[in-house]
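Starting off, we have a lone chain in the form predicted on its own, written out as structure tokens.
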Amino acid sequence: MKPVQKISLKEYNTFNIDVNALYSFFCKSEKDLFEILKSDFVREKKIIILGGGSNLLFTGDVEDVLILMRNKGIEIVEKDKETVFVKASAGEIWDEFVDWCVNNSYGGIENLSLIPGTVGASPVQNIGAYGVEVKDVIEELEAVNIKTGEKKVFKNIECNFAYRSSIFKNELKKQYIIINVTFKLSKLSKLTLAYGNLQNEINKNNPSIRDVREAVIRIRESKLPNPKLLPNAGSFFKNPIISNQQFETLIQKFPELVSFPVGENKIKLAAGQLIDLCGFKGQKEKGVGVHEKQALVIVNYDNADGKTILKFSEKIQQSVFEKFNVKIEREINVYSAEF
């Protein structure tokens, strides 16, 4: 396979950053991927993987080899009266996969409806919403070692899942390309409704997984801007986790802080609230700003470049740290020549 040379990535990232990729491959199958990795052109070059482009901020042209995962396929691997194992290719659009599962009455990921991106990216970030994380339903995944071209199966426990993180975002970053993911889903009605106002939004007895999906979509659409209309990458920051001791000090000064206990002696704060309390909600400057309804979302209002968006996000981080002595980390990945 030969690369496509110098294409604009504006339509391939949800921030609509207009940068060029010098060499790109559109990978539509496992066979394509193996051919790409074995080619003389790719050997010894750095590789960047792009799925839906919904969790990535480009701050410059991509000089490394870009592989856009576009392989498709959904199959039932195994099932019994209660459980079904479904394998989905990495290039499948995540929300379309969720819809397929709901249409077939396979429960477990309905709370993750309308999250942008692809199936292959979901375990890297360990996407989560409304009390569910994708790690809760991943049985295993297959990935290819970039250097050796060998395929490896990673069981759930081997993925080192954590809050918005996995082994593929840390220890094995840039070392493997995920080609498919197998999910363990339920044929029974086991719903997660305790998070936020989900139960109130459904407002009915004996809701179905379809009811949950539709409620999540309504909530997300009411709070989050459509990236096709207002370019953004969803939640830009993670919710910070601090010690009980630090929280006790903070709560005395800011009694309105929203908090969630996580494990022993740890408290999770709402990053959106911290940003809001710093006065950024609805603020705009140099073509970029914080969404008026959700402070976690940074919006590219007027064709700002990646560097401008990054500097704006750093300004928010600094303000939150100065006010609360709390560091908020980016949830999205940043690409630059040094990335």
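The model shown is predicted, which means the values in this text are computed figures rather than measured ones. When you see a residue number, it is the position in the sequence shown, counting from 1.
Below, we turn to the form predicted together with a small molecule, even though it does not appear here.
In terms of contact with the small molecule in the model of the complex, the residue from F254, Y163, W100, F85 that brings a heavy atom within 4.5 Å is Y163. Contact with the small molecule in the model of the complex, judged by any heavy atom within 4.5 Å, is made by just one of A194, L188, I157, V258: V258.
The partner is not drawn, yet in the model of the complex one stretch among 163-171, 242-250, 203-211, 148-156 has residues with heavy atoms inside 4.5 Å of the small molecule: 163-171. In the model of the complex, the small molecule lies farther than 4.5 Å from every heavy atom of C27.
By the criterion of a heavy atom within 4.5 Å, A295 is counted among the residues contacting the small molecule in the model of the complex.
For the chain shown alone, D276 is a contact residue for the small molecule in the model of the complex, at least one non-hydrogen atom being within 4.5 angstroms. With a 4.5 Å cutoff on heavy atoms, I47 does not count as touching the small molecule in the model of the complex; it lies far away.
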